[in-house]
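Read the single chain below, which is given as structure tokens and is the form predicted alone.
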Amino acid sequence: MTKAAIEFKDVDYTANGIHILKRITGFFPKGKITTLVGPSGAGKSSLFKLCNGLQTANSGQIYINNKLIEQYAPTVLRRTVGIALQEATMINGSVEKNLALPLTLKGEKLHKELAIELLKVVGLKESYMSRNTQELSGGQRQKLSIARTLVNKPQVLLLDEITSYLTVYPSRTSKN
């Protein structure tokens, strides 16, 4: 039997009088890459935000690693379920300061070696460390957002349209 990283049982979510999620039941399997597909406005982002406590379901249960979401302290939940949103919010300052934020909030320091490794993982050069986040493109901000989410070593990683600002150019072949 497949173990669930996240499980939903009859989850409903309403915002501003609009019923966004209705009786959602299912699970994201542990240790697997799972894609959630649907049209714009279908509630995918809302579902992700429910999983790490940024929003609260109106009814139903959500389990993270077989434990009710309400049993987690908010900070522990957000370290367990990391989320990188489409709109990568940055604090004012350097890439390094933004990357260090999750550890700074815990009273810890980010080691330079880890910072460099995380930037490499997401495809950013070490030279970006001192750049101001205001100078970054949307795609670079998304990469930094992923790296910052990875700082906490989450057990579950949710990526919400994280490649929307990344441009992929088709390969060109030479005719010579």
Partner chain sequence: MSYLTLSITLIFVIIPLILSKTFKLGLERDTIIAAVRSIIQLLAVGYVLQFVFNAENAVYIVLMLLLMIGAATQNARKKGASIKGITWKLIVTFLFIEILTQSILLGLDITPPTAQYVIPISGMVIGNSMVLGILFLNRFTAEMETRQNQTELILSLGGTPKQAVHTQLITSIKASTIPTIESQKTIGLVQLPGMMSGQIIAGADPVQAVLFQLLILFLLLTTAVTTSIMLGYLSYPTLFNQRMQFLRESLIRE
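Keep in mind it's a predicted model, so treat the numbers as computed, not measured. Residue numbers count along the first chain shown, from 1.
Heads up, the form predicted together with the partner chain isn't pictured, but that's what we're talking about next.
At least one heavy atom of Thr56 is located within 4.5 Å of the partner chain in the predicted complex.
In the predicted complex, the partner chain lies farther than 4.5 Å from every heavy atom of Gln142.
Although the partner is absent from this view, Pro74 contacts the partner chain in the predicted complex, with a non-hydrogen atom inside 4.5 angstroms. The partner chain in the predicted complex comes within 4.5 Å of a heavy atom belonging to Ile69. Proximity to the partner chain in the predicted complex, taken as heavy atoms within 4.5 Å, picks out 146 to 154 from the listed stretches 59 to 67, 119 to 127, 32 to 40, 146 to 154. In the predicted complex, Ile69, Glu70, Tyr72, Pro74, Thr75, Leu77, Arg78, Arg79, Ile83, Leu85, Glu87, Thr89, Ile91, Asn92 are the residues of 67 to 97 with at least one heavy atom within 4.5 Å of the partner chain, listed from first to last.
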